[in-house]
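What follows is a single chain, given as structure tokens, in the form predicted alone.
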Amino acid sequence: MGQETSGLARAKEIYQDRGARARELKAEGKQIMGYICLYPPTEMMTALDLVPYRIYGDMREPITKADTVFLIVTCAFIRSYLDLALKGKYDFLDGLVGAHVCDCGEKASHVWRNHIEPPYYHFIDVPHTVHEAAQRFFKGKLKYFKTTLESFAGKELSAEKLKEAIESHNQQRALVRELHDLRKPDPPLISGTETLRVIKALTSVPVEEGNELLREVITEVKERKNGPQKKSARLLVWGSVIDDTALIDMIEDAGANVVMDDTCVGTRAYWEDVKLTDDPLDGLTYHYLVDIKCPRTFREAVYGETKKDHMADLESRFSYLRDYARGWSANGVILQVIKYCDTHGYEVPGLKDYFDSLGLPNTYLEHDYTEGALAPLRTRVQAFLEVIG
């Protein structure tokens, strides 16, 4: 590829040193609010002029300090971001919002509170089901979150301000979907690696700054003549958090175009808009509990007249992945899971059954969230691509 300009270069700059931009914003008087995973509603932070800043790990940083306060036989991504916090690399944060995404994630949030002692801390107990009682419960938790945020910010979070913030974040979701549409042509106009850099940059800056970045990237990608090359494999990548381009780089360098994803640093946060309801908390409740499709949330199985219908259940849970595969002309799927991420790992057998029923080749990769783990996986990816091609 030729030299990057404008939006792509800016996204890469932020991606490579997220803390630098956060420290600039803090120097300008902004308050930076860290949050873990997708479930804390960022719109509520934006509405109070707080900068939502998603917490990530670093697969290039050896985990040392976290292993003194957290079990080592747990998700390496969670241990990694906790390790960074204990090493002072998140010292610019004015607060942390945790959420019950999984048991390990909950425990890590509380360890952060006890060992880092941030100026503001709030933990959101997110239900693991989507029925009406769960939605009522979750709305109650968001009301309490609103109260503690208002106390920290020293101002009221009005319905009008919250609706404005929802509209800005919905605009970002629409722009992200437009960005992903640029991956539909063959060859795609933007690579999987470039896309990941952009999405990670978005979670590091105020929403309006992110929207402007997206507009610049979309315009640039449409106009450039030096985009990705056509390859025989067009892959959909599903699974655990991918917050580093190393894995996508490896797959694309092996001879594939990564054209679509279903991960939490990808489509999951952006594929559905928050509905603009009279009480904005209703729209936020539904979006963050029901719209976001993550294995940590249980959805009722589909039953036949006399017994459970396995394939009907898979269809009800995973049909959106079929739509992704068809819409982006994917001819293969990589299911990747970080070691000890049981919430994703337990989904793999059902997903393999589902993709097999669609006649879509698929393979499973497990890794320990380190660069060193990728070398042996490259051989497996190459073998999988030979099957496709």
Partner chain sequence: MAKEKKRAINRLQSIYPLRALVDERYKRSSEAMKAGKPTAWSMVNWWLPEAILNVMGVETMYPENYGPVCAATGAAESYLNRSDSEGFPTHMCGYARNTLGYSARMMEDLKGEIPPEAPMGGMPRPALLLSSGIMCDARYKWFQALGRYMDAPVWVLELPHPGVEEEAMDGVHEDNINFMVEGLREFVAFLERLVGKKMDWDRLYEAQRDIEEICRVWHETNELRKARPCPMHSRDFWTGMTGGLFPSGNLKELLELYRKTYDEVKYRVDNKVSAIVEEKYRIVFSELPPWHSLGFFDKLAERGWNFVMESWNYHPPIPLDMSGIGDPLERIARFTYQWYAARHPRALQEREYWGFAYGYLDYAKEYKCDGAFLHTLLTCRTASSHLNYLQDMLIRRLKVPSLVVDGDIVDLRLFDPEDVLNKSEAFEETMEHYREERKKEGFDW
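None of these values were measured; they are calculated from a predicted model. Numbering follows the first chain given and starts at 1.
From this point on, the text means the form predicted together with the partner chain, which you will not see here.
Participant: Name the stretch: of 158 to 166, 184 to 192, 244 to 252, 103 to 111, exactly one has residues whose heavy atoms fall within 4.5 Å of the partner chain in the model of the complex.
Facilitator: After filtering at 4.5 Å, what remains is 103 to 111.
Participant: Does the partner chain get within 4.5 angstroms of any non-hydrogen atom of residue 127 in the model of the complex?
Facilitator: Yes.
Participant: If you check in the model of the complex, is residue 300 within 4.5 Å of the partner chain, heavy atoms only?
Facilitator: Result yes; residue 300 sits at the interface with the partner chain in the model of the complex.
Participant: Answer for residue 349 alone: is it within 4.5 Å of the partner chain in the model of the complex, judged on heavy atom distances?
Facilitator: Close contact exists here: in the model of the complex, residue 349 approaches the partner chain to within 4.5 Å, heavy atoms only.
Participant: Please check if residue 174 has a heavy atom lying within 4.5 Å of any heavy atom of the partner chain in the model of the complex.
Facilitator: Contact with the partner chain, no.
Participant: Identify whether the partner chain in the model of the complex is within 4.5 Å of every residue in the set 71, 144 and 341, based on non-hydrogen atoms.
Facilitator: Yes, each of 71, 144 and 341 comes within 4.5 Å of the partner chain in the model of the complex.
Participant: Among 49, 353, 323, 61, which has any heavy atom within 4.5 Å of the partner chain in the model of the complex?
Facilitator: The option sitting close enough to the partner is 353.
Participant: If the cut-off is 4.5 angstroms on heavy atoms, which of these, 121, 92, 271, 286, is the one near the partner chain in the model of the complex?
Facilitator: Looking at 121, 92, 271, 286 one by one, just 121 meets the 4.5 Å heavy-atom criterion.
Participant: Scan 351 to 380 and write down, in order along the chain, each residue with a heavy atom lying within 4.5 Å of the partner chain in the model of the complex.
Facilitator: Residues within 4.5 Å: 353, 364, 366.
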